[in-house]
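Only one chain is shown below, in structure tokens, and it's the form predicted on its own.
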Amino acid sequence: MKKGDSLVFFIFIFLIGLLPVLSGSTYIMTVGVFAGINALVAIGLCILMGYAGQISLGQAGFYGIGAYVSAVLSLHFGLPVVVSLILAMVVAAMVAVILAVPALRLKGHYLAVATLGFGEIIYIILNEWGPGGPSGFGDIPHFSLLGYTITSTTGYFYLIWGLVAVVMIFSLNLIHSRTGRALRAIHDSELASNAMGLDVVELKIKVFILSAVYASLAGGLYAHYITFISPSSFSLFYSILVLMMVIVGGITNLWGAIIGAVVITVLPELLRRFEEFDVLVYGLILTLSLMFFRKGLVPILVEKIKKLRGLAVVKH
């Protein structure tokens, strides 16, 4: 991690750690839990799209795989929750390989349609053949580790944001590594990357698998927190929602994924006061943000800070 990323990271973790103490509200904590779950999916999509340049509209499929596999293994087969989560990520990785090998040879909107179709296939499978069918199923065990079971919202808040911190550290180191530079090269030009000796197909498959693993981890955590899941939570709408998080926050910056996840998760809660007009206001805000903040909130903020620093240096 670079020094700037490290400083922002520790400030961010400090503020997140203070939230339960300062808020004292179960409602705010619940929103924070969902924001953390969404952040895990958004980080993976940000790496895939913002750094590797691969479009995906199928993240809800991997999110659903993580939730259903982990829930079924822990509930019906009696496996420890941690083991169930790990196996769910393995299954998602295997499915990602099967999808990525043919799909990542496509580009642009063709790839988007292919991943969209995958997400719809997973949704149909869960709806038709999943436990409980369209109605879903409950009694999913809570997360437990070393004999300690987490049942409180505060406990899940710290667990999920702790995992977000771990995933963020790994992801920041990845994008600043040789592999990260290779991914940015692929984003700029696959032809030039091939000419420089990079195995473009292999790198695209690996980053696709990584984004699938992040999404499946989030899905498993969602299932064990809610303790009830149904196919409606893993539809195309969720894939589009995650895409909006990444775009609003800033697709070219990992911090944008987290900020976008928090904004898009909190915004509907703030708009409830508009009652039947909340969806209209929500859509209007997103449309205006895409029109006037195309780079995303975080990149624009970074540019403003750099300009202020430049002015300060000139004055001195």
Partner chain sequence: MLNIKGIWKSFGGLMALRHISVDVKEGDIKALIGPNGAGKTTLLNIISGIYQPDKGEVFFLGRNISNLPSTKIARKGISRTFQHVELFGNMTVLENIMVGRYVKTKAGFFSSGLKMPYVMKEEKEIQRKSEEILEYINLAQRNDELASNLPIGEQRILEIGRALATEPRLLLLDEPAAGLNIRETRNLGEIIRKIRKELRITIVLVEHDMELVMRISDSITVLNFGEVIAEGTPLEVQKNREVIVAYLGEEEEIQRGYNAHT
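Computed from a predicted structure; not experimentally measured. Numbering follows the first chain given and starts at 1.
Omitted here: the form predicted in complex with its partner chain. The next part is about that form.
Which of Val207, Leu73, Leu126, Leu99 has a heavy atom within 4.5 Å of its partner chain in the predicted complex? The option sitting close enough to the partner is Val207.
Going by heavy atom distances of 4.5 angstroms or less, which of Val83, Leu145, Ala195, Met94 would be at the interface with its partner chain in the predicted complex? So the residue touching its partner chain in the predicted complex, by this definition, is Ala195.
Among the candidate stretches 215-223, 74-82, 185-193, 152-160, which one is within 4.5 Å of its partner chain in the predicted complex when only heavy atoms are counted? Selected range: 185-193.
My question is simply whether Ser235 lines the interface with its partner chain in the predicted complex - judged by any non-hydrogen atom within 4.5 Å. Contact check for Ser235: no, nothing within 4.5 Å of its partner chain in the predicted complex.
So in the predicted complex, is its partner chain close enough to Ile240 to count as touching (4.5 Å, heavy atoms)? Contact check for Ile240: no, nothing within 4.5 Å of its partner chain in the predicted complex.
Using the partner position in the predicted complex, report whether Leu174 sits within 4.5 Å of its partner chain, counting heavy atoms only. Close contact exists here: in the predicted complex, Leu174 approaches its partner chain to within 4.5 Å, heavy atoms only.
Touches its partner chain in the predicted complex: Leu87 (any heavy atom, 4.5 Å): No - in the predicted complex, heavy atoms of Leu87 and its partner chain never come within 4.5 Å of each other.
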